[in-house]
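One chain follows as structure tokens, the form predicted on its own.
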Amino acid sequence: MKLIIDTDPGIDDAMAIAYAAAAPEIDLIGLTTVFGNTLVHQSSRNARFLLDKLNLPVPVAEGAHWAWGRDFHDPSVHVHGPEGFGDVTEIPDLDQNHHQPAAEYLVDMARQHKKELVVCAVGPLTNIADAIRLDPQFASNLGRLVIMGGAVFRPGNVSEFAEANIHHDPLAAQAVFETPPETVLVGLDVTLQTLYRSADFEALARQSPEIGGFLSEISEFYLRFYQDVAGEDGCGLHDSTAVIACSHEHMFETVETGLRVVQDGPKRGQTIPDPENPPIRVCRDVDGASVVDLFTRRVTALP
């Protein structure tokens, strides 16, 4: 399966990219970056650093700096740390970005790998909406879009109503839901059923000293956030669960529904079932233990 991850690394993004690098069924052909957990230049730097660490010579195409209708972005420093990798703040700026911006790169790759390409979007949907706006054929050329975002059947995480990725750019999310390719939404409805505990990270570090050790180190900041905010000794495998959904659909129970995104007010970013929009598959349940086990088995095979 040819895969591009649209990403804003971010601690859980780093985990998802490591998983994709280890999964034998995934041919990771590139990363596109977006604002979100970090500013976009940090996202791109972090993505290039991760690819170097994983010895993956694939391009990084930098995308949107901020949401549709805005000209600024406040990154999630309290969740992911000042540079996106928790307490790790000295991150080398390696290599260079691809010459194309993310939306152009996505359009070209979908055209080149027609119906064979899966895009897994684990940040705000701005790059995906930009690609749809750039090329009306993008949605039909793409094999599948898998989104980590939304909270359709449960409360959100940045507010009672909204999940962070959708909340960051509700206009772009609405544009994607109005003209979707074949789409699977992997939201908080399922990702919070994939709890990865501090003991799991410790085991990851023992069995994979380089990659697992790095993920364990950056996760300490993330785990403190979960402990302080939710009282949990562990974090959801949010982005990794979405990447796993790209190839292991049998682990998920889905329902079909259109979605509408609330654009402003206290419910900004809420994802509401709406039959007026084209149906997408929304994950409603997951075999969380199998997702956690698969993530661990794959990543511990890395150095």
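Please read these numbers as outputs of a predicted model, since none were measured by experiment. Residue numbers here begin at 1 and follow the sequence given.
The form predicted together with alpha-D-ribofuranose exists for this protein as well; it is not shown, and the discussion that follows is about that form.
Mapping the unseen interface onto this chain, Ser219 falls outside it, with no heavy atom inside 4.5 Å of alpha-D-ribofuranose in the predicted bound form. In the predicted bound form, Thr32 stays away from alpha-D-ribofuranose, with no heavy atom inside 4.5 Å. Using a 4.5 Å cutoff between non-hydrogen atoms, Asn46 does not count as a contact of alpha-D-ribofuranose in the predicted bound form. In the predicted bound form, none of the heavy atoms of Ile128 sits within 4.5 Å of a heavy atom of alpha-D-ribofuranose. Only one of the listed residues (Asn157, Thr194, Ser208, Asn97) places a non-hydrogen atom within 4.5 angstroms of alpha-D-ribofuranose in the predicted bound form, and that residue is Asn157. When you look in the predicted bound form, the only residue of Leu185, Val122, Ala102, Leu117 with a non-hydrogen atom within 4.5 Å of alpha-D-ribofuranose is Val122. Partner contacts here mean any heavy atom within 4.5 Å of alpha-D-ribofuranose in the predicted bound form, and among 274-282, 257-265, 55-63, 233-241 they occur only in 233-241. Contacts to alpha-D-ribofuranose in the predicted bound form (heavy atom within 4.5 Å) from stretch 7-46: Asp8, Asp12, Asp13, Asn37.
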